[in-house]
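What follows is one chain in structure tokens, specifically the form predicted alone.
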């Protein structure tokens, strides 16, 4: 492929830098804003191309040596070669660009809330088993090659305890010569390992995934010792890696852990979705609670409620809260969390967001909080929200592009955007979370 010198202008989505030689758009992997690099074109389309930086000719003052020894090989982090304050500026810029078409909004986008310590923050890490030079390895998928595994013993996103668990399990499976599962041949045993932690409770779960049972797995609780409060094993027989397990056994402990967020206690099971960054999760849900409190809602709705963290926080500031979630196991978990926190004013229902029009109308909520997945609000859910016309809406987004699309529809329907607060939930990646407060504008008011 062709090589050329390029000057990067800014960071854009997916962690790439943008260059425009003679007006032609090129997205560069591995470059920082302001840098002059020698790059190779890896893919060319009619109106844009992708390139890989081969050599930095004029480095940015924000460039630093990545602290992780496998940065660039591992597919987890994109920005470790960029100083953390510069990461926050880049993410702020990405969000601003996405919201640029909304009149007046870029001027009210606050600076991102970053982390004091942007390492060791993940409360959940999944590790893959693989083979390297005839030896079993346990680590993270290699960038651009899902079937290859990079040893993750030095990963800085996990805790020291998680790293020690990894080392012990790797030694254990090597000593027992347990075979790694091969997706192509549909043969073997070991699939992956998940470590979940209660950062503020000290509880820890070790969850082994394998193709089938093995007597050696009974030794796992002794192998990890007091590093884990519960150990589980799940079995996926002749199914894809991401498929739900056919069965799960609890090898030690209660089979679940707990985490605290702003004083509320949450149950986390082996398949529970939970915010991966505990400390920033506290800030996110605390912000939603505080913004909600400013409107003094009597009735609030949490749409896309998951296991209930937002609904439970709303329960502290609203007289009545309804959480709506389509995933039945998450609804069950949310109900247990509501009971765990003794909140009589919070209830959960299982329903699809696109089918809640009648519920929203009947609820007559003062406030609706939406926290959709990356594709944003389902069009029918957005239509139902606008038809219900609550006075206040808080939108929690993990995708600037779909956030901008949905906000445009809400502005057109008569809502005004009052505040936008970005939060950095995933340092060293290109992801940026944003919380937006909207108010319905009364005609003539």
Ligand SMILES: C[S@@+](CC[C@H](N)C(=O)[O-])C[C@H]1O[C@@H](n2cnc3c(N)ncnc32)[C@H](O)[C@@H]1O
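This is a predicted model, so every value here is computed, not measured. Residue numbers count along the first chain shown, from 1.
Heads up, the form predicted together with the named molecule isn't pictured, but that's what we're talking about next.
- Contact with the named molecule in the model of the complex holds for all three of 285, 309 and 354, each having a heavy atom within 4.5 Å.
- With the named molecule omitted here, the record of contacts in the model of the complex names 367-375 of 190-198, 313-321, 367-375, 137-145, defined by a heavy atom within 4.5 Å.
- Taking 299, 120, 258, 327 one by one, only a single residue has any non-hydrogen atom within 4.5 Å of the named molecule in the model of the complex, and it is 327.
- When you look in the model of the complex, the only residue of 151, 275, 229, 162 with a non-hydrogen atom within 4.5 Å of the named molecule is 275.
- In the model of the complex, residue 305 approaches the named molecule with a heavy atom inside 4.5 Å.
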